[in-house]
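Form predicted alone, single chain, as structure tokens, below.
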Amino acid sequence: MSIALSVRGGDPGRIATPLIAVALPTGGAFPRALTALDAAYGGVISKAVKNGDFKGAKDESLLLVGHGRGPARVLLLGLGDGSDAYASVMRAATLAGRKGNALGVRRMAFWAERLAGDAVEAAAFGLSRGSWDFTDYKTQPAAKDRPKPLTEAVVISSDVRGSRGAFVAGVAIGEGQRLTRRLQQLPGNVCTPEYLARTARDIAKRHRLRAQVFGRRDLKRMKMESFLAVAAGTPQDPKLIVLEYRGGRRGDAPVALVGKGLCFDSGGISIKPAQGMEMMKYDMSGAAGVLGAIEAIARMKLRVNVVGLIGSTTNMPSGTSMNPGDVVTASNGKTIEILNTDAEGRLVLADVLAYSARFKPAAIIDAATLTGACVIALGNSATGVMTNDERLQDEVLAAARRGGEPGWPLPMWDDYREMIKGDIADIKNIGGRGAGTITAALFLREFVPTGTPWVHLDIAGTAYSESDLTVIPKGPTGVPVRTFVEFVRGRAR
């Protein structure tokens, strides 16, 4: 279910709403703009701040219930020290959306002092992100007992007219990430390669984009043996999905966003342990991120050309599966020795990256839940970032910081390249236990069009969470939508 967002001005104490979230920083003076609201609550709000019952710390919250006119409830939320205003407001608004959803109020408002410009974008996005929920497969109670989801939220701004564009952008990014998280959360028997293809076509139809979908017969014609090796064990038709957004000048080189779309990964013949294998429905998170980013970019009408490229299939063990020791030839002519069938994402992306050459992209950014080694190296707080162009890497890292999806660079030294040098083919698809994230990226580099700046994002540790993150529940995080969008927006300005 989507959320209807709006922006307005006015005194927060005189807005009739079931809930108003009020975000306050640590150590700040009590805002004069809250005088009427404080009076309506008998001075309780200012007393809570003065007495230290509410300190404004990050993620701190205090719920107050009132009476009479104005907001029926006040939810005080901490902004922390406010050193990063955008991030602080985004986090507080996300928590507001999540708590509003849990309270079952249907409608709410969000206020922070001097909320204007980019802070309005942060608030709109945060409310959208926090209110997202996935209940598609849960049996609902009787209507009278059913919780009321948050369906409307108002951002109260000190400069409505000057913040209109920022608000629209926040809504757009929120909708893009909601699309991504829904795709991530769907079970593998629903979110198939065909489902991703239909989603791409829906986005294209909604925003008048160009979508192309290629199946198994097409991939054979294109000589994508590496991609087809992964799809050999599944009866589902693999899909190469191409989605073109043409917001820039005609003839301008596009930014290519590439996503790994393994709708389920059993590991193939090199089968994974049973424990935790259900989480492999998230192995299409890179693809979901590409689709969500293009949804947001199209809504924002950014003046830049973008092409989204997705390789989607499932990796299953069967009598027709690829085997360890097989050798295949990718579409760019390089031969690959397959030593481990669970290193399948790089085999799919090899042909997708090679295919991107026909668009002559200005830059390529790929995202993939590629290696468990990245989780060991960086945990769940940072995305692994690798590149063939340090200037582009800096640009992507800055975009990731702006979007609240921090990344960390890993080296791509030539010494590591020796680890994937093939014994009977050009390269092999694994390089041993050490530096697994780096050698996977070096494998991908072999298929990047010559001379094209490229960045690889390993989102294995950041695409989903196996625990509650306070502002985001267990499950999909929506990474890397914000990174993609912020990068493209930076190119459009």
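Remember, predicted model here, so these are calculated numbers, not experimental data. A residue's number is simply how far along the shown sequence it sits, counting from 1.
Another form exists, predicted together with a small molecule; not displayed. Remarks below refer to it.
Counting only non-hydrogen atoms, choose the one of 222-230, 126-134, 76-84, 370-378 that falls within 4.5 Å of the small molecule in the predicted bound form.
The contacting stretch here is 370-378.
Partner-contacting position among L37, I430, A435, A48 - heavy atom within 4.5 Å of the small molecule in the predicted bound form
Of the listed residues, the single hit is I430.
Only one of E121, D283, D366, D351 gets a heavy atom within 4.5 Å of the small molecule in the predicted bound form. Which one?
For this set of options, the contacting one is D283.
Are any of the heavy atoms in D342 no more than 4.5 Å from a heavy atom of the small molecule in the predicted bound form?
So D342 counts as contacting the small molecule.
Contact with the small molecule in the predicted bound form for K260, defined as at least one heavy atom pair within 4.5 Å: yes or no?
Although the small molecule is absent here, K260 would touch it in the predicted bound form, with heavy atoms inside 4.5 Å.
So in the predicted bound form, is the small molecule close enough to K301 to count as touching (4.5 Å, heavy atoms)?
Heavy-atom contact with the small molecule at 4.5 Å: absent for K301.
Within a 4.5 Å heavy atom cut-off, is Y464 in contact with the small molecule in the predicted bound form?
Yes - in the predicted bound form, heavy atoms of Y464 and the small molecule come within 4.5 Å of each other.
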